[in-house]
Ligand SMILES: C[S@@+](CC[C@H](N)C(=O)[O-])C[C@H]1O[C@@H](n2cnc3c(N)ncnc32)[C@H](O)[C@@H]1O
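Take a look at this single chain, the form predicted alone, given in structure tokens.
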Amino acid sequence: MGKNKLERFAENDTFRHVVQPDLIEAREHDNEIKGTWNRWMFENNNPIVVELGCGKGEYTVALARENRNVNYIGVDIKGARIWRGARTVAEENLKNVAFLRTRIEFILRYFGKNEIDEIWITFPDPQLKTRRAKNRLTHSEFLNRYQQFLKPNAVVHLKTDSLFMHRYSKMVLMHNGIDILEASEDIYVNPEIDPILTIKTTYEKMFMSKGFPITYLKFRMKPNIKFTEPEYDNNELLQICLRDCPADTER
């Protein structure tokens, strides 16, 4: 492990707004912060928005700058990436941002029932290999996890460079009768694009430089349903969603 990484991990430990729990414990036990984010971390009752797979925290921080009356939590497993966002938060003295270092499959260990108002999923790995399908962050198993901590009828945003991920997610949502509020396979062709979607992270700039379209889905969760996958085998689903997706096939 590089010296810079070790230094960043150490500095993360000095930030009150960074939560770095023991990942081994997360397999067996809820974390003490579960259900207490407003009271313990933010010391207010403002809405909480979570960004899953936040990377360097660029989107989380940009959203927080624009909406000081909303609390934001960036979640990622890479501590060295989170450090960049955490450092920016400290330098700018932003009081409405926190970071959680964990695997997203353990997310239920950290958020309680009805604790979160909204989710952003930004540029997740589309997990094109069918044996890794359950690792897609809009797979039905993940959506069922989100249901357990989101408020009823909460909104979820998916912004991705992957047409496959966009189309796959849309199929899952339609299969489960979920209301899709917005859907675009290339957000930048819209002259009236919402400014919130024009926030460009390092990853987005990289993908755009390679000619990948930036897609967007916005949908409203439906309370008390059990999400399931569309009735295709994984290989068939993959082929359907990869049609006319040259950028995805080049990954």
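Everything quoted here is computed from the prediction, not taken from an experiment. Residue numbers run from 1 along the displayed sequence.
Beyond the structure shown, there is the form predicted in complex with the ligand, which is absent from this document and is the topic of what follows.
Distance criterion of 4.5 Å from any heavy atom to the ligand in the model of the complex singles out C54 from the list I48, C54, A64, L217. For the candidate set K129, K113, K95, R103, a heavy atom within 4.5 Å of the ligand in the model of the complex is found for exactly one residue, namely R103. Although the partner is absent from this view, R81 contacts the ligand in the model of the complex, with a non-hydrogen atom inside 4.5 angstroms. Among residues of the shown chain, S162 is not one whose heavy atoms approach the ligand to within 4.5 Å in the model of the complex. The closest non-hydrogen atom of Y203 lies within 4.5 Å of the ligand in the model of the complex. When the ligand is considered in the model of the complex, I77 lines it closely, a heavy atom lying within 4.5 Å. Note on the interface: of 115 to 123, 171 to 179, 150 to 158, 86 to 94, the segment with non-hydrogen atoms within 4.5 angstroms of the ligand in the model of the complex is 115 to 123.
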